[in-house]
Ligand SMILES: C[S@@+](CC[C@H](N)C(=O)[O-])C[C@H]1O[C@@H](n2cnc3c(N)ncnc32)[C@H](O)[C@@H]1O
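A single chain comes next, written as structure tokens; it is the form predicted alone.
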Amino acid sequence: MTTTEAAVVERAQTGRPVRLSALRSIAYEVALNGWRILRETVNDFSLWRIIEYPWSTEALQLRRGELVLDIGSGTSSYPHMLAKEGVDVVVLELDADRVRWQLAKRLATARPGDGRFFPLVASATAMPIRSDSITKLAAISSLEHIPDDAAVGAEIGRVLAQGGVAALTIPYTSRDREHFFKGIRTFVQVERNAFVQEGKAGSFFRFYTDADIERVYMRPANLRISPQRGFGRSILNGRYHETKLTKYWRRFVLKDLFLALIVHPLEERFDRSDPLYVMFTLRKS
């Protein structure tokens, strides 16, 4: 194929919808981190991510050539998956070492046709981004680790453009949570619905009630919320994740594909207990 023909193909592909299924997410994870992740996963790629990544991509209605701001990426592979689908990604992360990791991973795995990739060392509580400039924003299992979440909520509302959409996944409780991983790991409650793992720096973890979601993320910029979807109820969380079986959490990723595609939909249909996480979008009207 000549350079001109390649350019024509690239233009034809620009704007096409992006699809990221659970199986495709695993395939990308293998491409990015090697076959070993099927036996012992890295970057916290496990059951929840196999549910969250496809949902976020669909919820944002992403198209090739669009730009996404990904908040609190850490060492997540999600922004790389989006880039390989032709999406431009701004990776916003406070930890400089993790941003360097993201940049190194990008340099090692980039290929022609990928979207552009912009790693940025910055705090989500004071983003160096122009107001009303972001049309697509993702925060996947990251906001619960930021103590000043009110500042983050205000910033999300500030940077979103009119008509912009943010896809968020955060831990949930319908009432006060008084423990987390009880009897499995030592988490100390530091404030209402918030915990820190004993002896582990940077392990802050917060649960949100419906009132908290409205106060922190909806009200500051008068954002509209979509119906919430959940995951991790009495089976996937209560009988697996938040139990001693969690030692298998990072092992044998293909088991998570079965749980995500078979058990998760059944649990969401028939189980009315609290989910561990909720997923929803916020729109700036």
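Computed from a predicted structure; not experimentally measured. Residue numbers run from 1 along the displayed sequence.
Another form exists, predicted together with the ligand; not displayed. Remarks below refer to it.
- Taking the partner from elsewhere, Gly72 is found to have a heavy atom lying within 4.5 Å of the ligand in the predicted complex.
- Contact between Ile129 and the ligand in the predicted complex is not found at the 4.5 Å heavy atom cutoff.
- Within 4.5 Å of any heavy atom of the ligand in the predicted complex lies no heavy atom of Glu85.
- Although the partner is absent here, Asp149 lies well away from the ligand in the predicted complex, with no heavy atom inside 4.5 Å.
- None of 141-149, 191-199, 159-167, 175-183 except one has non-hydrogen atoms within 4.5 angstroms of the ligand in the predicted complex; the exception is 141-149.
- Using a 4.5 Å cut-off on any heavy atom, none of the residues of 174-213 reaches the ligand in the predicted complex.
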